[in-house]
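First comes one chain, alone, set out as structure tokens in the form predicted alone.
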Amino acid sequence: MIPLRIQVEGATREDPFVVRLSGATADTTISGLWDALLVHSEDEKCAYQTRHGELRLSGIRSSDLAGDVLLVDPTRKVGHRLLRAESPHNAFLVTERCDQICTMCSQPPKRYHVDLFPLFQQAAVLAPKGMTIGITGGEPMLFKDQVFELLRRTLAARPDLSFHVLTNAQHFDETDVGILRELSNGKVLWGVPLYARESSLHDAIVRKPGAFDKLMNSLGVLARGGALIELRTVVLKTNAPALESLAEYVSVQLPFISKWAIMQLENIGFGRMNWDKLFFDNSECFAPIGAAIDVARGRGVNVALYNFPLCTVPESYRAFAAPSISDWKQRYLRECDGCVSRKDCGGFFTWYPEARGFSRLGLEQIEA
């Protein structure tokens, strides 16, 4: 796996701070408050000169860090690679608190919260040109005012950036329409989960009574605010039979969405705990997913498949399968060696359980 946390020593201050790492050894003066100039590099050890002392990093080559934005926690002697310059997969985990307890959650909620929004704001301003930054949790919109302020301030300073905010959409109301319209410039995509058209089934999956009704209200607020919406549905044994019905609902009742992402389950967190009860093996039966795609596409909905290895998808539907798994948690199996489609395939999650996963792998095996 790609390391997201690295060992850091040498900081002369105790509170966390943000730096941007330079890419070549240089004997120049520090030109910016957040500059970190490379002064030494050898194997997997390197040193950077900053306004907060000489930072000594270990366990990674400086060439892998060029242009990265690092959140340094001096007390724990840890550096968090908030933004990796050479990666398209970057996100701020702004909180681990959440007001839903989804049966397949990959990031089970925690009660505590550490407010790092000012540091995220600084990091975003330092991002490489044109980067898309994710905002995730927990539930980010438990801190709605801070998220809106982060988006507004960053996009005012860096209009070249864009954001992808994952939210359960339980916290929007009519007072948010104004700020949403201010942000409706194509730079913010809101990723919102919907698991079934039946409120009882959706509420059971997120384990929160009334969640479906609140979600529908919030989607209306987002629509009136001109927001770009990516609807997200994780396929489970519990909702797979109802996917076609959901496709009909989405295409008729929610025509304002920008995209509908149908997603495969991730084997981590509650997803790992409930894997045998929830994992739907689409390599054995793709019919409900295919039917949902057909209905949605037939009515003009933009559909994508996330986290689906190409060899688990019938050939006629592979064009919808996006390489969506983040690089830091992506791997390929032995079966992938020599596959001609590997370059176009998102592969598997690092924690994918081979013995309890897809029963059929290999492009020649899957049929519609």
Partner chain sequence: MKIWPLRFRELGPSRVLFADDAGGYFVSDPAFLQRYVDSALSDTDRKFLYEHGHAFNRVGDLQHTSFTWRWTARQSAREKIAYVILVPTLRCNLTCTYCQVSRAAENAKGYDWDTDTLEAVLGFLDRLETDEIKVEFQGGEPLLRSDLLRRVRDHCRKRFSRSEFVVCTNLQRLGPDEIGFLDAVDTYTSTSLDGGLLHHERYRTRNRALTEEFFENLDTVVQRFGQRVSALPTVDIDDPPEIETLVTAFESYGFSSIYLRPVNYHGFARRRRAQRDDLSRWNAFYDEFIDFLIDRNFQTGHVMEEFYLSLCLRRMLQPGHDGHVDLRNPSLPASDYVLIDFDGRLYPSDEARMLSRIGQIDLSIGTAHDGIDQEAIAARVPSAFNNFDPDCIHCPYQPFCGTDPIDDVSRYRRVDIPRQDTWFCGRQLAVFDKAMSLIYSSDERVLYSLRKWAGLATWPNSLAPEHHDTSAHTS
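It should be emphasised that the depicted structure is a prediction, and the values quoted were computed from it without experimental measurement. Numbering follows the first chain given and starts at 1.
One more form of this protein, predicted together with its partner chain, exists but is not displayed; see below.
Contact annotation: residue 220 falls within 4.5 Å of its partner chain in the predicted complex, judged by heavy atom distances. Within this chain, residue 102 is remote from the site of its partner chain in the predicted complex, having no heavy atom within 4.5 Å.
Under a 4.5 angstroms non-hydrogen atom cutoff, its partner chain in the predicted complex lacks residue 34 among its neighbouring residues. Taking the partner from the other structure, its partner chain in the predicted complex has a heavy atom within 4.5 Å of a heavy atom of residue 197.
Site residues 18, 53 and 107 are none of them in contact with its partner chain in the predicted complex, judged by any heavy atom within 4.5 Å. Look at 292-300, 176-184, 130-138, 233-241: in the predicted complex, residues with non-hydrogen atoms within 4.5 angstroms of its partner chain sit in 292-300. Residue-level contacts in the predicted complex: of 143, 270, 117, 249, one residue has a heavy atom within 4.5 Å of its partner chain, and it is 249. Here is the short version: of 254, 188, 93, 201, the single residue with a heavy atom within 4.5 Å of its partner chain in the predicted complex is 254.
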